[in-house]
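What follows is one chain in structure tokens, specifically the form predicted on its own.
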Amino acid sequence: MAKMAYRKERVDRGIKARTDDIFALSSFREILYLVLPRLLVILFLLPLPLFLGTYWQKVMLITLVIALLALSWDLLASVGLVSLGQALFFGVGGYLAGFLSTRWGWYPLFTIPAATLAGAVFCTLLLYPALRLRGIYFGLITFALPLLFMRVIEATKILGGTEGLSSLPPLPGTTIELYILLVVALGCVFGFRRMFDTDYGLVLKALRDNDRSVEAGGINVQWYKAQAVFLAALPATFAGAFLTHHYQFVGMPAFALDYSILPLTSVVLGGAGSFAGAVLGACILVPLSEVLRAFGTLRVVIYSVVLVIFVVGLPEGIFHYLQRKYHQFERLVPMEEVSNGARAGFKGY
């Protein structure tokens, strides 16, 4: 009896078409191959808040807030706008929620959506004149604005001055808060990825590659960039408004540099351009910084070394690396199948 010969074949052979995220499927096994990673992540995250203690629930909440800010940064970078001041969106959303609550007594059910939309509109109008700038110049403007707002609030004593706005209405509970943030974060990942697969997303990506060519094609570049800023501001202003009611307080720390640096680092660690990488980076970065608190002053050293290792060793980002490795899985295929397929092709010819 002849021994059966085998050869290695990539699992996604016959599944993946010529373009990323466009697939040709012919069986449920192929559908499962594509859906399984997403399904496992969702099935892991949904019950997670129920099994965490109070402390780690707080850590997860901050993680999801940073993830929303990272998604905001990733969307801006995807259209060629490199931001160094996500704290601007976060602080504006937080202060608007606090103002609506203290001035008119609105509850979080109304203040959070209103502050999210109004904050996104305000930030878009504020940054609209700067959209003509390119490269680091736009980043410098976004970096300076949160610092400017801090000094204005401190000097004029508006919005509570240095004491901030306190005694705001609370949210129902930490577990419910986590599920709200989780749904919003997953919805942003799915929505942004689908948006960039449309014709509208194609224009946004073209702005990053060569906005002069887009303008030469008769498209209003500044108007499309303004739309991108508005869309990117939504998750960030929502995060600011949401965390304001979680702490029942908003003050000048809402414009702190942490809300600008951590999202940027999360995207670099997870991988830019995928949106899922931004969330993955935040899910690694924030818990890691909490674990390293036990090392005291060595925390910053260890934290920096870990970041350097990942950035130098995986410049593409962790998500892109894992995605590439997943699509390189191989299986053993009998050579008989190959020979039969070749004979069938020869007869057809």
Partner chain sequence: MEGNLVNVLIYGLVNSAVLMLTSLGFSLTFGLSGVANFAHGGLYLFTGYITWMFLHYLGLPFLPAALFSIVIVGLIGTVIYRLILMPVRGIVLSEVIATFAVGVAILEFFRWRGFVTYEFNLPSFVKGSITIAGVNVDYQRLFIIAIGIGLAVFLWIFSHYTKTGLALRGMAQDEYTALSLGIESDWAAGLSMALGSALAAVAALAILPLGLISINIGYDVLLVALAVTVLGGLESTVGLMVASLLLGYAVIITGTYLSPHWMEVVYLAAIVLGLAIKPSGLFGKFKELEERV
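Definition used throughout: the rigid core is the maximal C-alpha set that superposes within 1.5 Å between two forms. For clarity, every value in this text was computed on a predicted model and none was experimentally measured. Residue numbers count along the first chain shown, from 1.
In what follows, reference is made to the form predicted together with its partner chain, a form of this protein that is not presented.
Between 235-243, 163-171, 144-152, 98-106, the stretch whose residues reach within 4.5 angstroms of its partner chain in the predicted bound form through a non-hydrogen atom is 144-152.
By the criterion of a heavy atom within 4.5 Å, residue 129 is counted among the residues contacting its partner chain in the predicted bound form.
In the predicted bound form, its partner chain sits within 4.5 Å of a heavy atom of residue 301. For residue 307, a non-hydrogen atom is located within 4.5 Å of its partner chain in the predicted bound form, even though that partner is not displayed.
Of the heavy atoms in residue 311, some are within 4.5 Å of its partner chain in the predicted bound form. The candidate spot formed by 42, 54 and 189 is out of contact with its partner chain in the predicted bound form: none of the three has a heavy atom within 4.5 Å. Checked against its partner chain in the predicted bound form, the candidates 140, 180, 125, 117 yield a single residue with a heavy atom inside 4.5 Å, and that residue is 140. Exactly one listed residue, out of 256, 226, 261, 121, brings a non-hydrogen atom to within 4.5 Å of its partner chain in the predicted bound form: 261. Looking at 65-85, the residues that come within 4.5 Å of its partner chain in the predicted bound form, counting any heavy atom, are 73, 82, 84. With the core superposed, residue 301 shows a C-alpha displacement of at least 2 Å between this form and the one not shown.
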